[in-house]
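Just the one chain here, laid out as structure tokens, in the form predicted on its own.
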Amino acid sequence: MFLSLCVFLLIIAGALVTSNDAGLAVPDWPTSFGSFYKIPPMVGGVKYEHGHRMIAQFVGFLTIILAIWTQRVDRRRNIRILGWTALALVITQGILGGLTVKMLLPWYVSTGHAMLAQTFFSLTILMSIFSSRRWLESPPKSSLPDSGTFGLRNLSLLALLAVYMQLFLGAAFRHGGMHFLPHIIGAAFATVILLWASIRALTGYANVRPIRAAASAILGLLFLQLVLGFGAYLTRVEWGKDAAQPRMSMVATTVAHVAIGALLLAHCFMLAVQAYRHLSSRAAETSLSSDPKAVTA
């Protein structure tokens, strides 16, 4: 949980770098102004860029500890794999961050850096859930059928894909690789999918607390994200298009928009995980009902 909090702060720090146009304030990597350990004067854009690097190093250190600790104390093979996966992601994230500097901020590398950061955040959240007492001690309600022609399990995966599509479009726009219109269209599509998934979860499985909690959070975060997205559009695209440097309103709305987007992605992962844990597929129900031994048992 502590690592998840630090990763969330790292995402905010990264958004501050982009929103303040400070991506090349420190022009070298892996050193900072030629040094591996000296802290440069934290002024101007340097305080955002170098501060981001310092938090990233701390997160990398925590991830190493988590990966090794997981191998020692957790007997579940899948969780041990997740531990190494988290370490691989944070290493890849550091390399992508370095490439953005070395290659002078290409939009496609910066976009991949942004999307991987939010994926890593979601992974740490899931590891917190899988390690919790509630997960370990509460049996899944797998006997509940995933009803409907398009069940909640598939719908939750569709919601994840919609959010990832929107993350790509938004990051590509922020880093200068795409026009703003695809991001607006993607927002409309993602909104419909997320509303569909969360309302299906609340109306069909309100008695399953983890599903209800994830769906309720998605609804609240979705509303807040739409408000912040509209605010970011006004402050950055309309009112701030001729600004000589980023204004406080531009920075605040875009950074908050990125942060809520990370939380929204994490809760979509939560909904998918809980749906697959507590609901049984129609195919499984059919095979179970057609097996006389299973029915007898």
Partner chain sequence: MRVLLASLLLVLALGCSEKPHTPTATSPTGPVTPIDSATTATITGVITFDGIAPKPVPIDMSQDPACVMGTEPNFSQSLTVENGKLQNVYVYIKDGLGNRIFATPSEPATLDQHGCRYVPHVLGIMTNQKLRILNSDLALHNVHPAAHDNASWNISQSPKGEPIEQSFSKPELMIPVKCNQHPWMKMYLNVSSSPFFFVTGKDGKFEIKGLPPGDYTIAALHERLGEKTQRITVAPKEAKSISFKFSPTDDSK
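Numbering follows the first chain given and starts at 1. If you're wondering where the values come from, they're calculated on a predicted model, not measured in any experiment.
We do not show the form predicted in complex with the partner chain, though everything after this point is about it.
- The stretch in contact with the partner chain in the model of the complex, judged by heavy atoms within 4.5 Å, is 176 to 184, chosen from 114 to 122, 176 to 184, 132 to 140, 215 to 223.
- Checking Ala259, Ala67, Ala56, Val46 for any heavy atom within 4.5 Å of the partner chain in the model of the complex turns up a single hit: Val46.
- The partner is absent here, but in the model of the complex a heavy atom of Met165, alone among Leu96, Met165, Leu144, Leu82, sits within 4.5 Å of the partner chain.
- Gly51 falls outside the set of residues with a heavy atom inside 4.5 Å of the partner chain in the model of the complex.
- Though the partner is left out of this view, Leu169 does reach within 4.5 Å of the partner chain in the model of the complex, counting heavy atoms only.
- Taking the partner from the other structure, the partner chain in the model of the complex has a heavy atom within 4.5 Å of a heavy atom of Pro27.
- Although the partner is absent here, Ala13 sits far enough away that none of its heavy atoms falls within 4.5 Å of the partner chain in the model of the complex.
- Contact annotation for 187 to 206: residues with any non-hydrogen atom within 4.5 angstroms of the partner chain in the model of the complex are Phe189, Ile193, listed in sequence order.
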